[in-house]
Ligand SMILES: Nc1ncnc2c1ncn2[C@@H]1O[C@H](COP(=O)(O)OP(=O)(O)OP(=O)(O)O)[C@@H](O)[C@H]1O
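One chain follows as structure tokens, the form predicted on its own.
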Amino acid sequence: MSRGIYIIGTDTDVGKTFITAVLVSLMRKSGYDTAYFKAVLSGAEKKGNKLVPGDTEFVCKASGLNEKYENLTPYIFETAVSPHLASKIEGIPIDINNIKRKFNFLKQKYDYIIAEGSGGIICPIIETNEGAYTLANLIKELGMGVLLVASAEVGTINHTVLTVEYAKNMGIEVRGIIINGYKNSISHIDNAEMIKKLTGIPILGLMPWIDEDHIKDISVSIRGISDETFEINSLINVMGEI
């Protein structure tokens, strides 16, 4: 039986991919057979005639994961918008059953899966007559708990608590929170403490602030960052059977 966790964010561009790369790297270098999974990716880059999922490429290079991208990310869109809209614009329908087939393939092949969401927890994947099939729906159907990546900046208390409450209402367990872009300032210290108090959820790690341009060049040294920020047993403990 495989074990896994879903990484979600309080918003888009909060650093989910970077954090996921750090965690996958930590798992793999510690001897745990771990795969990455991102069901749908928008904003992929054209390299020659090939569309490359940048997040998937980054995580694989940083962690040493050698797996076909189509198994890790079933749907790739060039248009940098919400998955449901990218699907509509590019005329490529998203089949949830196909996503589940790819996920189950990884479950059979790997002992652990760290999945990354697209945008926030309410990110629409497929538009429906009633509204939308969202990331929350997918996480719930896959039977996974989540780690929530939150910003350290002003506004994070509100965004983080609301995301946690929404997840709870959906029956999704938030097993830990990671604060990204953390500086040892009075506001960041207070934000982290207040988030812990208001949610009652443990802070799994405080990822120091790193310049965005530098992030692109640290895929090799990312493994050292994982040691400094996260404890492997704490990560293993939040993973549930899938």
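If you're wondering where the values come from, they're calculated on a predicted model, not measured in any experiment. Residue numbers run from 1 along the displayed sequence.
The form predicted together with this ligand exists for this protein as well; it is not shown, and the discussion that follows is about that form.
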Exercise: Leu198 in contact with this ligand in the predicted complex, heavy atom 4.5 Å:
no
Just to confirm, Thr34 within 4.5 Å of this ligand in the predicted complex by heavy atoms?
no
Answer with yes or no whether Gly119 is in contact with this ligand in the predicted complex, where contact means some heavy atom within 4.5 Å.
yes
Decide whether Asn180 counts as a contact residue for this ligand in the predicted complex under a heavy atom distance cut-off of 4.5 Å.
yes
Answer key, this ligand contact in the predicted complex at 4.5 Å (heavy atoms) among Ala44, Met207, Met27, Leu204: the residue is Met207
I need the one stretch from 111 to 119, 155 to 163, 71 to 79, 137 to 145 whose residues put non-hydrogen atoms within 4.5 angstroms of this ligand in the predicted complex.
111 to 119
Taking heavy atoms and a 4.5 Å limit, what residues of 7 to 30 are near this ligand in the predicted complex?
Asp11, Thr12, Asp13, Val14, Gly15, Lys16, Thr17, Phe18
